[in-house]
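Take a look at this single chain in structure tokens; it is the form predicted alone.
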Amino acid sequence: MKTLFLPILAIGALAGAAQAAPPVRVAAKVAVEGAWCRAAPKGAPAGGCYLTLTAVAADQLVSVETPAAARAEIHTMSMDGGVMRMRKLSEGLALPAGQAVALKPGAEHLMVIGPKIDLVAGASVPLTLRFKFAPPVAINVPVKAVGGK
């Protein structure tokens, strides 16, 4: 009887441990679509890149990195007293769950500052997007002529 009781007790203990385990957390993911960078005149101090992000779960784009420029930042543009102003989004950009967030000309966008390459049509800019929860996304973004088409 003792030999039968111990295995049953062990199975019961394992089942209890499995029920007490914390729920498995699925890694958040962000889809990136339609990425492109605008061509800029040779020697331009900066260039803009645009894309659409859709997060499966609420997340935040917190930074962007590139080896093709001195640095990259998340920016927004707004009208202030009839003057278009651009500023860095220090806190990043909120990505509501399931909603496409378009980074586009005249609105939120990515800036590559101090480009180390010529931002000419046909070139590409490697970007790594970093999120608060989702794993980083590395993409190669094509440079397109003004108009982005």
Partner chain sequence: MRSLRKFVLAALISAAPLAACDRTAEHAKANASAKVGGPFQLVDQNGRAVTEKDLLGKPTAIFFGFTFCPEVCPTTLTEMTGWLRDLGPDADKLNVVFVSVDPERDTPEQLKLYLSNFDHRIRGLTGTTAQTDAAAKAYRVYHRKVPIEGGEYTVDHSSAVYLFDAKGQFVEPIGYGSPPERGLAQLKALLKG
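Numbering follows the first chain given and starts at 1. Superpose the two forms; the largest set of C-alphas matching within 1.5 Å is the rigid core. This structure is a prediction, so every number in the text was calculated from the model and none was measured.
The form predicted in complex with the partner chain exists for this protein as well; it is not shown, and the discussion that follows is about that form.
The closest non-hydrogen atom of residue 84 lies within 4.5 Å of the partner chain in the predicted bound form. For residue 90, a non-hydrogen atom is located within 4.5 Å of the partner chain in the predicted bound form, even though that partner is not displayed. Although the partner is absent here, residue 98 lies well away from the partner chain in the predicted bound form, with no heavy atom inside 4.5 Å.
In the predicted bound form, the partner chain sits beyond 4.5 Å of every heavy atom of residue 116. Interface residues of 38-70, taken as those with a heavy atom within 4.5 Å of the partner chain in the predicted bound form (partner not displayed): 38, 41, 42, 43, 44, 45, 46, 47, 48, 50, in sequence order. The Cα shift for residue 91 between the shown form and the other one, taken after rigid core superposition, is smaller than 2 angstroms.
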